[in-house]
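What follows is a single chain, given as structure tokens, in the form predicted alone.
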Amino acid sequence: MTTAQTDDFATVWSGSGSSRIPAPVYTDPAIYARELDRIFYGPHWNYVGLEIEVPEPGCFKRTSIGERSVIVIRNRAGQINVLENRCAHRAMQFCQEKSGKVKTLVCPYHQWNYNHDGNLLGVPFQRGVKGQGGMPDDFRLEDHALNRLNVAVRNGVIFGSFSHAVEPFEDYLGPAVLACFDRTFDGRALVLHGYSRQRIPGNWKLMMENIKDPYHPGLLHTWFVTFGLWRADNKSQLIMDDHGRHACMISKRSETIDPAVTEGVTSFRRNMTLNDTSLLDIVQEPWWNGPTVCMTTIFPNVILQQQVNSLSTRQIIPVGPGAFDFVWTHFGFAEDTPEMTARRIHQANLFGPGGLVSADDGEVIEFSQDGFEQDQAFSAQCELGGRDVADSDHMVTETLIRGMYRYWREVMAI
């Protein structure tokens, strides 16, 4: 279905508050274009990777912020750069490999050559050939560098921003969310275990909502409600930054079953057992300090996952208003025992595109997108727990979603 493009943003969401979300927020191309400009290319920090993905000088990975391709690369001094993957000559996205190691960055079209900091090193035929042609006399290499983004690196995690006026990363997260970030990324050396990738036919914000939504896990996911990994009776805490844009959902696994949260829940399987119980072979780690789950959403494009012993980052890369790429980077710590490494990798099968839990999320996001596209007059409700925005000590609320959209409306001026 083709969605009409809005000309008057004021008519899209005319009421106050953030608990009723109009369908065009998820479908309208003009709104999406404004999101790219004000959010992904504006004064926000976007996750681009882990330092372990570029371990040595010259090592690089290609990723995207919004729809703009970027290269994360380590220079000869060991510093991390994030460069826009666009030659300064004719705009070619010259890097097509997902990762690798290079001495210099060379555009194959006309062989313009850049160093790891994005500075132009040389141009073929700059002085012409046999006195003919060449660049103008005032052409200077230093005027034609690659676009170099602002970079923040904290405890092995890399963020980039197209804005050089963006606030410091620690201020961007705020103290409460930063504490959750540092709980996992506390400076210990990381180890890369692998990737999962999928394209989900839904608006990028639906995945941000999904991981700010403690309402659905104990209802949608059979694994969560049946084995107590995430149920409404779990001891939990929901935390936001002052703006409401970032959030942490923290929970501890239930060892007993409260009939109040399983009665009538169709996804609950009382008699379900496992032939292979190792998927639930959960070992408490000292750094957990109690919770078995901590899901942190950093607006606009990453989810940091600690679900039992499985660890990953989940990067959101929008592809138009109706689709996004979802990249899972699974990791552990250099200090992990071989048994813990095997446990982390094995439990990763709960998550990812074909995960025993996360496959459900991709499907319901697609179906939600279909619903928004069929009726532009529809508004989604996020009023569980009221209409206010505040931290919570229980899961029966949609306050984190309301917080995100309160901030979204401010940034978007909608």
Partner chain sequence: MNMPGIEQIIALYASYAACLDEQRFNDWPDFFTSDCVYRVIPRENHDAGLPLATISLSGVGGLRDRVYGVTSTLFHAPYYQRHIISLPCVKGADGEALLVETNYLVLRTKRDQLSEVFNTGRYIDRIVMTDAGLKFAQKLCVFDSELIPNSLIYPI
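Residue numbers count along the first chain shown, from 1. Since we're looking at a predicted model, the values are computed, not measured.
Just so you know, the form predicted in complex with its partner chain exists too; it's not on screen, but the next bit is about it.
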Worksheet item: With the cut-off set at 4.5 Å between non-hydrogen atoms, does Gln381 touch its partner chain in the model of the complex?
Response: no
Discussion item. I'd like to know if Gly386 sits close to its partner chain in the model of the complex, meaning any non-hydrogen atom pair within 4.5 angstroms.
Written reply: no
Fill in: 4.5 angstroms heavy atom contact with its partner chain in the model of the complex for Asn349
yes
Worksheet item: Does the 4.5 Å heavy atom contact test between Glu51 and its partner chain in the model of the complex come out positive?
Response: no
Worksheet item: Would you say all of His330, Leu356 and Ala359 touch its partner chain in the model of the complex, counting a heavy atom within 4.5 Å as a touch?
Response: yes
Fill in: Interface segment, criterion being heavy atoms within 4.5 Å of its partner chain in the model of the complex, picked from 29 to 37, 372 to 380, 359 to 367, 64 to 72
359 to 367
Discussion item. Between Gly187, Gly320, Gly133, Gly194, only one gets a heavy atom within 4.5 angstroms of its partner chain in the model of the complex; which residue is that?
Written reply: Gly194
Worksheet, complete the sentence: Heavy atom within 4.5 Å of its partner chain in the model of the complex, from candidates Cys248, Leu105, Ile200, Leu304, belongs to Ile200
Item to complete: Any residue of 95 to 124 with a heavy atom within 4.5 Å of its partner chain in the model of the complex counts; write them all down in order.
Response: Lys98
